[in-house]
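Below, in structure tokens: the form predicted alone, a single chain.
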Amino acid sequence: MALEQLSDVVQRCQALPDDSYSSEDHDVFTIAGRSCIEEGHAPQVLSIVLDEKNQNVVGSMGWSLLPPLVQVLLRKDDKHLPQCLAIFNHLLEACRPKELLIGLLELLEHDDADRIAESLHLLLTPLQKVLLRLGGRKASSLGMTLSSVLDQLAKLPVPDTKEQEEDDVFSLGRCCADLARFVGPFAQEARLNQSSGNQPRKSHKTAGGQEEGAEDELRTELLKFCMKTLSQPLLDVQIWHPDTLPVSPLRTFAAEILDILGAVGESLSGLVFHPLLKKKEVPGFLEEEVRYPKNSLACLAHLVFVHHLAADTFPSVFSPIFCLRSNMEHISILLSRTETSRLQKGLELYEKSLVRVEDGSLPADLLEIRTFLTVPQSLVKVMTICPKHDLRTKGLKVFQLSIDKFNTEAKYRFFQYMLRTSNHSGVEGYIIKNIKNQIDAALQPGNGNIWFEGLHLLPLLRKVFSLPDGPETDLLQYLDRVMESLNLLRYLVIRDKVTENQTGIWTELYKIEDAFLKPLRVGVNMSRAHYERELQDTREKKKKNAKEESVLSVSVGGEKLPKMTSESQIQALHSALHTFDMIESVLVRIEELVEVKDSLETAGEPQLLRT
């Protein structure tokens, strides 16, 4: 029945001009043709499609047969697969390109990852053929196609491990390779246009609103494609070093994207250093932001500086400090996110940018640049709240590396800023430990500096030797800061002689006593009394409920920990009391050292004191 209907409508339309087919003719051809293919009559359909007398009809309406043909080609097990493939290939040559393009793009749309991968693998080459048939009118159609393909590619999972990429378990590697082959001819055309000198360097629309030339349209669409690809999937995937994964489709794909950027006339150094090199006033600012998305440029910087892709095209004349300054914009973008892949890339880019900088060479005026303050704050979040241990460890390593690159004044001002803004006891304790190291270096013979001894040091010490909430400070919550502050004070009392007073500690000691030591003693006594009472109450409750183990709760460090057994609660309270004893022991030791140092210096018998 369907075959007869198809034959009848084709025969009827043979005598009609191309543009006079009715909507009913289209409907009958579509329904009958699709039914024939689905019912196994592909050989007969092939005969009709190839008949020379039917080429006008096929050219006008044949594209509507694409859906069932693609279904057969995807299944690969149909007995009429060769005939369906022959029909499909003939339609690609005979039908109008615009209609073919729309039909093929509709068939790309899937939600299942396996179907997406298979459809892309099957249809990218036909789409390429159709677009090439459009000649100089293909730029906008190419842009639409690339956008649709990347939307589908974004639905594929990203491999998390080297083994997953090796096995290509999600088919992302194959799809990226297919996509690179698809774009190849268009990138080559753009390269030829560029080399022939026909391509304007950076033209959008003219003042009179005239459309861009075809060549510049092609360049623009390829640039948009590269920027979108850098943002996704390349910003999400982990690129493995060749020593770890010698054959990496994703690394190859990334390199090809960078090559396409060169083909369309973009300078990699100009893109990477875009944050510093762009003009202060850019006409069409929104368009500039869309043209060069920040996430894409950050990914590009990571590929260039961390993986050294396209290194042979990247000039080596830029100083390490200039590269760091520019990359700080990219690092800030990456570290401001929460996705593991972004944080990993941000840390890697920051580390690679820092290692090329000489220790102690970054001047203090860099701290007037916003990113040199926001990036450390982002690092603090990575070090303290990131769920992945390896990223927290990496964050701490990079944080210390960044400190090492500052000169003495910059370190001083950076420590002041971090003590004022970090709001985390562990980070504050780490900064105080660094302050101690800088003071120790300054006190070495021949290493004196004005920032970590004398008058400049005192304001920094006042920030260190303080309690956020006075005697009521939660000592368990601020334990890291408190202990590092006490260790620093003990070091200063031992290391600095009363008669020399290089750090100013001996003239400042009475202020430290009032602002830090006395409130700390009161706080220790209050906290110990509170926890001893809690311990006594818990033991009594345990005795009363000896037959049935009760579930209690306890507050430690200001945090309420629910559903603790009485035995667990007792252990937590003992741990807290041990902490208070530890703080008190250091306090007592400092008092002893001060008394001994005073008596020795007064008697004129300076000696080396040891803890």
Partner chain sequence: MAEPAREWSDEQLKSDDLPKKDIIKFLQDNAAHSFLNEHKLLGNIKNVAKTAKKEQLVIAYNQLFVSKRFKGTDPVEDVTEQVKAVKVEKPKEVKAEVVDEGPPKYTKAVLKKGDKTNFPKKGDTVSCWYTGSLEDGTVFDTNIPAGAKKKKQTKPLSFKVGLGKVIRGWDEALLTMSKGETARLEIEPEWAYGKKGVPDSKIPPNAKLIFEVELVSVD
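As the structure is a prediction and not an experimental result, all values here were calculated from the model. Positions refer to the first chain, counted from 1.
Same protein, other form: the form predicted in complex with its partner chain, not shown, and the subject of what follows.
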Residue contact check: G504 to its partner chain in the predicted complex, 4.5 Å heavy atom: no
R356 within 4.5 Å of its partner chain in the predicted complex, heavy atoms: yes
In the predicted complex, G426 touching its partner chain (heavy atom, 4.5 Å): no
Distance check, R191 to its partner chain in the predicted complex, heavy atom within 4.5 Å: yes
Which of 340 to 348, 535 to 543, 406 to 414, 380 to 388 lines the interface with its partner chain in the predicted complex (heavy atom within 4.5 Å): 406 to 414
Heavy atom within 4.5 Å of its partner chain in the predicted complex - the one residue of N525, Q444, T393, S319 that qualifies: S319
Residue among A529, V247, L277, V290 with a heavy atom within 4.5 Å of its partner chain in the predicted complex: L277
Within 293 to 315, the residues that have a heavy atom no more than 4.5 Å from its partner chain in the predicted complex: H308, D312, F314, P315
